[in-house]
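Below you will find one chain, with nothing else, as structure tokens; this is the form predicted alone, and questions on how it binds or moves follow later.
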Amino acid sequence: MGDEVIFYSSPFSRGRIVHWMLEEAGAPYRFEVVNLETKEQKRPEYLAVNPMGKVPTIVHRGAVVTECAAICAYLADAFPAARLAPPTDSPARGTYYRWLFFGGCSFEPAIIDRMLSRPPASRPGALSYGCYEDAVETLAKALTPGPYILGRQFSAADVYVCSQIAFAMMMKALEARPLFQEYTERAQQRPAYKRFLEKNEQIATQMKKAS
């Protein structure tokens, strides 16, 4: 079985996170465009891969992986030469998992609720993130030592968290503090990010021409 990653996504989706991660990992991949406007994600052939009918999804070595944070963690381990995750026996592995999944389980839900102007929960403890302010301040504290979440080592956790911060600032759901701006700008100067962005824009252009 080949090592190619089949990458189902749209250039206008959270799949951008995984696209960047694929470039960071140096993984061989084939981008299978799923046009969300024409509801290709709800077609039977795609639902057979991801019953949720959402993107992104990857298929690698016969395994189907969904959910951006899970895909980032998977790719970091599947392509270890890129050193996007600490070794399994390193204490830093716990810190890496902590912030990668904090991004997906606490920070992103807090940002989406704020972006959609959802009212605060009457019982904050029932929410994964408690309250918006706590989620933001907790992440800010984690990023303060810098330059990345694990210090000098850039990791898959940065791919995910940086993507969420950039999106949140773009949508005005997060204050554009210097800390957040500098962190995202630093990560987005990486060659892999620039490669992803160029390829993503090419795919988006091709989609528009085909529509």
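All residue numbers are counted from 1 along the displayed sequence. Just so it is clear, the structure is predicted and the values come from calculations on it, not from any experiment.
The following text describes the form predicted in complex with a small molecule, which does not appear among the structures shown.
By the criterion of a heavy atom within 4.5 Å, G146 is excluded from the residues contacting the small molecule in the predicted bound form. Taking the partner from the other structure, the small molecule in the predicted bound form has no heavy atom within 4.5 Å of any heavy atom of G26.
Though the partner is left out of this view, R14 does reach within 4.5 Å of the small molecule in the predicted bound form, counting heavy atoms only. When the small molecule is considered in the predicted bound form, G53 lines it closely, a heavy atom lying within 4.5 Å. With the partner omitted from this view, the residue of A173, L150, L36, V59 that lies near the small molecule in the predicted bound form is L36 [heavy atom within 4.5 Å]. For the options A156, C162, C68, A168, the residue carrying a heavy atom within 4.5 angstroms of the small molecule in the predicted bound form is C68.
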